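Below you will find one chain, with nothing else, as structure tokens; this is the form predicted on its own, and questions on how it binds or moves follow later.
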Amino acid sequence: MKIVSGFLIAGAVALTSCTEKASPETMAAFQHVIPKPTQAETDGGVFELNAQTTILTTPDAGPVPTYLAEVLRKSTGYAWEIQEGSSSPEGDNAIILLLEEHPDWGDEGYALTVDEDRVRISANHPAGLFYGVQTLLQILPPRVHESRVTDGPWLIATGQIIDQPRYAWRGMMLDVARHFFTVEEVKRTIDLAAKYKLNRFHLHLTDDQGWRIEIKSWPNLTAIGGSTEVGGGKGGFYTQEQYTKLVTYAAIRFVTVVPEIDLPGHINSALASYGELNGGIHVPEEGRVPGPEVNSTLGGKDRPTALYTGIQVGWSTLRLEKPATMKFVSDVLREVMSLTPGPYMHIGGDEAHVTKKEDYIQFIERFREIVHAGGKQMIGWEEIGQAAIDDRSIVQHWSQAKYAVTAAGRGARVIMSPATRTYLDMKYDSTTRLGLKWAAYIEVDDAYTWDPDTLQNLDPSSILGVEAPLWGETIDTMEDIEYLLFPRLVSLAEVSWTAQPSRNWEDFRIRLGYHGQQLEAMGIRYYPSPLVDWKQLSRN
């Protein structure tokens, strides 16, 4: 990348004539953005990117210019010179990225203006510029999303888009505990989420079947607990260095990583690693991994449990009375928090069916104090609403609204993840080759046609946003991830970004049909829902 001070624009360039009109395909790209913008209007003209088009910006734009140049180089083959100056950039045949104050945009809003001579994206904050760039990439020909050089022309319809999100929290969760996914697979998932303006990436790092994050003070957690997965595969884990690189990679895309260590249940991978944590757990027969060291003492206190590769839930727990328990919890949370610059620490808290209720409440309150002492905000699944939490905590609603409502009454904020709408590990219908069905069949319209603000007895002002979990019982490959995420993640991205009065299923269904070309260009192996008329990518 070449960075040049000032804004010296290359001499004479052949610009598209201002009298040229946009083709129906170019107009359609402008009109079918997902998530749907707050305002969008095109006047039917055209701007063309060419080999001389320059990115003009200022130092305060953060990583956005470099990100944009890297994406465009892959598909256009152009050099994409970045010209950086200290004053407001202006010039022809340019993409201009500029921070400027606007009272209504917040940190994530933006304005994108295209005329016959230039593209201009302005925002209050680099995050807004980044989301404006995602919209720009959508209004270009779909082939711009390919990872190989393709032929132009690279035409954009002229007009203006002004946009800002409905919710501050727009997230997805990836379960890497049931099945392990590599660093590169997680990076691709982050990239795909960021393209739809999602800004939270929740990593479910531990569960009965696997422990996926290195804890230096308790090394057996990964050496033993990370050695398997559902179905008996070899498992795996992230070193602290790898995790740090993932967090940095996400931050460049304005995505905050939210790590989850599931406590006090879903904990067998730790109990199998350290016998001093085990208070006498009976590992279910189905999924129990045989081993000579544990077979003779299975379920015995102070001895490791067997590893587990099944999918039953709710049978494991930490014990408050065990001397090692709170040291273990404190050490683990401390190390994970020290690696995570974001403000959140998720402590799980769900499905602790064999934990005594009085112990469960004590656990949550002690977890809260550890997390707050580490300078983070505690998040937990809705069951933590049974404890004395307050406005320093966040609850994630997934099943029983009463817990979320109780927590909100104490000042906690709520993330909306109702299983019947947002659990992307559910099957689309009875014929779907992957997924479960205990919550519901969730077709693309089911993921779209709901309003997070209408949970009974919950004040909408308590809602922080929406998150779509992808649990890992049935997924084993990147193709599996993409098949269950898409197109439902696109639906939920619009639920979390676009104001409710602007959302309409029939309108979205049409836009999603056009968007199929972009999914194809990105190489996403998506589920071709029969509810949508999909447009195929032209390879001419």
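No experiment lies behind these values; they were computed from the predicted model shown. Note that residue numbering begins at 1 and tracks the sequence as displayed.
There is another form of this protein, the form predicted together with a small molecule, and it is not shown here; the text below is about that form.
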Stretch in contact, per heavy atom within 4.5 angstroms of the small molecule in the predicted bound form, of 467-475, 490-498, 31-39, 61-69: 467-475
In the predicted bound form, the one of Trp398, Tyr448, Tyr167, Phe237 near the small molecule [non-hydrogen atom within 4.5 angstroms]: Trp398
Val444, Met426, Leu129, Val114 - the one with a heavy atom within 4.5 Å of the small molecule in the predicted bound form: Met426
4.5 Å heavy atom contact, Glu185 to the small molecule in the predicted bound form: no
Contact label in the predicted bound form: Asp331 to the small molecule, heavy atom within 4.5 Å: no
4.5 Å heavy atom contact, Arg178 and the small molecule in the predicted bound form: yes
4.5 Å heavy atom contact, Arg200 and the small molecule in the predicted bound form: no
